[in-house]
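For reference, the chain that follows is the form predicted on its own, supplied as structure tokens.
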Amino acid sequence: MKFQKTGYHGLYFPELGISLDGYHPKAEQTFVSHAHADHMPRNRATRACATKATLELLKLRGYKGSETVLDFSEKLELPKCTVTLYPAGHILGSAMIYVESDAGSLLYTGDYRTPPSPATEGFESPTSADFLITEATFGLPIYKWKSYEELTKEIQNFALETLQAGETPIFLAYNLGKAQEIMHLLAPLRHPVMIHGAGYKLCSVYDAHGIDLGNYSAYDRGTCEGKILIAPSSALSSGFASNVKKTKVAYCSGWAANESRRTQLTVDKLIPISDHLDFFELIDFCKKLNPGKVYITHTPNPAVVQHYLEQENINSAYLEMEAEPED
């Protein structure tokens, strides 16, 4: 199955006439796995096929092209291949893209999380694939996530203890996906939450798709004290909540597993909650799918992942792709 990198991030399959997460002028159809910036086609007028939630989020982020909605598990028959989307568990609407053709079957994961984020449609995958193109963002054995039960308690306890001490809790999280995940985990507290404006405009899509985000409103500098605040880490350098005298800050990311982030960001707590799967989940997923070949993208050291896959007799190669930080 021949493919080539195209543009900033995407892949183009010339024999099939399709692009995945990228624009190519000869592509008859472009499939978009999810609405994070590094997976959006650079040409915002591209004809995009994606889930309904992804297309709704794309439009709020500037996408202006034509749309084809493809539901999860629905097969789209094209002249040279059949495409099916599977829920990826990464952010709302995120999908893994399964392509079947005479050249074999391919699963392109985009970004994915198993077990899935509770603020998504869940996770499901085909039982086999000849080829697998997978991200390995946290592809080192130092990355092993806690259960969502543990993470939920950690997040809720940080908020409650900070509020009880008369301070304002601030959670640093990406505006799309991670922010709404944190809000969903805090929702049972029913305490007022204020989210950064760029993230607030995206919350309506989560509401429309039945994800409980709790008692929230857009960030207001004048009334934010005593609320639970959520913003990207970049917002702090722009004066976010700088008028509030007593705050405590929690950094929420898979990268919070690195203790160095505490001093780099000057935060009070590191909460390693990721919308990507950890190293051990990655290796386990590859073993279950048992593809003929794995292409690894977005990883700090591909040789590590390849070493562990080799021990499982799984052939692999590194496919270098650029990534744009969402924050």
Partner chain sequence: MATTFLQFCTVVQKIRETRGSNAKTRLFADYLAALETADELNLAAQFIGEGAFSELSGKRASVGSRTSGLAAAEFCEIDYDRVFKPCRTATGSSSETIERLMENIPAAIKKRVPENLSLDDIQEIAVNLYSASGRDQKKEILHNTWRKMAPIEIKYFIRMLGQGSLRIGFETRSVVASIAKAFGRDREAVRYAHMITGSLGKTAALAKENRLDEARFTLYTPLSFMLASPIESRAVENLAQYVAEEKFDGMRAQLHVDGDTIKIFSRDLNDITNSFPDIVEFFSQRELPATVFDGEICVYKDDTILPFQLLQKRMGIKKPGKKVLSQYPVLFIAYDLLYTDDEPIFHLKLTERRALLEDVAGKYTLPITSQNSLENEDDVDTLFKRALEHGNEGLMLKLKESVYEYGQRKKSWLKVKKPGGSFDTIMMYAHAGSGKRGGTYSDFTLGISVKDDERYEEEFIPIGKAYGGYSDDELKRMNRMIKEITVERYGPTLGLLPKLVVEIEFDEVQVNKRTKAGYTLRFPRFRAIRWDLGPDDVDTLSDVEEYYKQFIEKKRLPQHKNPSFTFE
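Numbering follows the first chain given and starts at 1. The model shown is predicted, which means the values in this text are computed figures rather than measured ones.
Although not depicted, the form predicted in complex with the partner chain is the subject of the following passage.
- With a 4.5 Å heavy atom cut-off, would you call L140 a contact of the partner chain in the predicted complex? Yes, L140 lies within 4.5 Å of the partner chain in the predicted complex.
- Is R262 close enough to touch the partner chain in the predicted complex, meaning at least one heavy atom pair within 4.5 Å? R262: yes, in contact with the partner chain in the predicted complex.
- Message: I'd like to check something about D268: if you look in the predicted complex, is any of its heavy atoms closer than or equal to 4.5 Å to a heavy atom of the partner chain?
- Response: Answer yes; at least one heavy atom of D268 falls within 4.5 Å of the partner chain in the predicted complex.
- Taking 4.5 angstroms as the cut-off for heavy atoms, does A257 touch the partner chain in the predicted complex? A257 belongs to the contact set for the partner chain.
- Message: To test your reading of this chain, name the stretch in 282-290, 51-59, 298-306, 24-32 whose heavy atoms come within 4.5 Å of the partner chain in the predicted complex.
- Response: In short, 298-306.
- Message: Using a 4.5 Å heavy atom cut-off, which residue among K75, K144, K246, R190 comes into contact with the partner chain in the predicted complex?
- Response: Selected residue: K144.
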